[in-house]
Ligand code: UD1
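Next comes just one chain, in structure tokens: the form predicted alone.
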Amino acid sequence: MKIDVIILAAGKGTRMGSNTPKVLSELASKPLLQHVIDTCSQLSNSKLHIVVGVGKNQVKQSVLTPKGTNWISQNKQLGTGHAVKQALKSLRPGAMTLIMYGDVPLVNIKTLKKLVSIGKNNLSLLTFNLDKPKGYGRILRRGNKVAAIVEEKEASTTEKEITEVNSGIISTSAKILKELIPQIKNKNSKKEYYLTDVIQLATENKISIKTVNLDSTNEVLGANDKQELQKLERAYHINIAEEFMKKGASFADTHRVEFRGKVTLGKNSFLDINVIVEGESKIGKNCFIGAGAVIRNSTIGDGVRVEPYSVIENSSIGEDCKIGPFAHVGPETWLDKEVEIGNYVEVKRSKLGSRTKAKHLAYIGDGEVGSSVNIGAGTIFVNYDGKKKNKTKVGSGAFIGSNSALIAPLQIGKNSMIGAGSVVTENVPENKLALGRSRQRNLKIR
């Protein structure tokens, strides 16, 4: 079954108080419109038709779309019905159509599939219930059948008491849509062509109207201003956290955790408050992620413990590693199993073998470190010579004494030792003790 998805994205978003079109307002570090595109792209055999208005070039350049996406201009903003009309000639013969909104980003793909499936030979409508439905179009029924939708400004006092409201998301065949849209009139207070009028037109044309009523209103939350955008942001992160909890993860507080990208989270892992997970990140099973930690574009193996306020970016962390607190790992770092990176340790562009430890106040840059190496407090891999970054290689079993400076390029052999306070400028063979510090002199003060 072919599915043509019309995404309405032409609104100015004046109430956002921004210079950018509303659909480019960010939710979890991604434009609202991008969320809608990503969800609709999951529908098999689908083609996207995105209707844009003011700032259309900026919108096109700010999102990623599937191959074959059709961009349509609505030069005059004359209402949602008028916007859909601009897309009619682009619809494929025999296709189902789904009408979406670029500022309603949380609709679940399962909901959309259900809506499309019951829209065949009918008109299907996504509805939900609100105790205080002010601002929403009300669903008018005769018996159990939908007869029409009345907008807030056009509703009578009695109609305003109706709690079932319109999401605006509709599915029907291209054939039916092409019959109904041209019949919409602008006889209303705003002189606009309302898409909601297709409901009454469907009734008049004896087209069956079916509804999918949502249990949760979070799916159809939109954003017209910064306050609503903030509510949308929180709902987004809570939704994801709750899905992870269904799969066995747990949280200190689902209201204080954020997922800003494509994230997976393993069973029995725990995230404390104010954790941020960004980009394409994978957290394994039985992990502990401490308060304030940031994980960005990284893979965290099973059993890893990340202590509070640590940052891990563009890195791979092996099983049962311990990170932090206040550690910075990455970019381009690879840690084998059971590595310990402790307080105020920074690791960049380096590989560390299993059971290696750097537990206090160290900098490891452009290093290749073997297994079971101890890197003492205050150690620095001096990797930059003013022109380029140089590599330091440390063999397995080596011991690097505290407050050492390793001047790259440098090789330190297996099971060797570096005395505390040394400045090492020459390669150290295996099983050797290197001392690179000046002789102590005790001078008389007076």
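So that there is no doubt, residue numbering starts at 1 and follows the sequence shown. Note that the structure is predicted; figures quoted are calculated from it, not measured.
Below, we refer to the form predicted together with the ligand, which is not included among the displayed structures.
Only one segment in the set 308-316, 283-291, 331-339, 69-77 has residues whose heavy atoms sit within 4.5 Å of the ligand in the predicted complex; it is 69-77. Residue contact check for Leu8: one or more of its heavy atoms lie within 4.5 Å of the ligand in the predicted complex.
Although the partner is absent here, Tyr236 lies well away from the ligand in the predicted complex, with no heavy atom inside 4.5 Å. Residue contact with the ligand in the predicted complex: Gly102 places a heavy atom within 4.5 Å of it. Remark: Phe244 does not count among the residues lining the ligand in the predicted complex, judged by a heavy atom distance of 4.5 Å or less. Relative to the ligand in the predicted complex, residues Glu346, Phe381 and Ala408 are all farther than 4.5 Å at every heavy atom. For the residues Thr211, Ser350, Thr196, Ser269, the 4.5 Å heavy atom test against the ligand in the predicted complex is passed only by Thr196. Only one of Asn166, Ser298, Ser124, Thr356 lies close to the ligand in the predicted complex, with a heavy atom inside 4.5 Å, and it is Asn166. Along 108-141, these residues reach a heavy atom to within 4.5 Å of the ligand in the predicted complex: Tyr136, Gly137.
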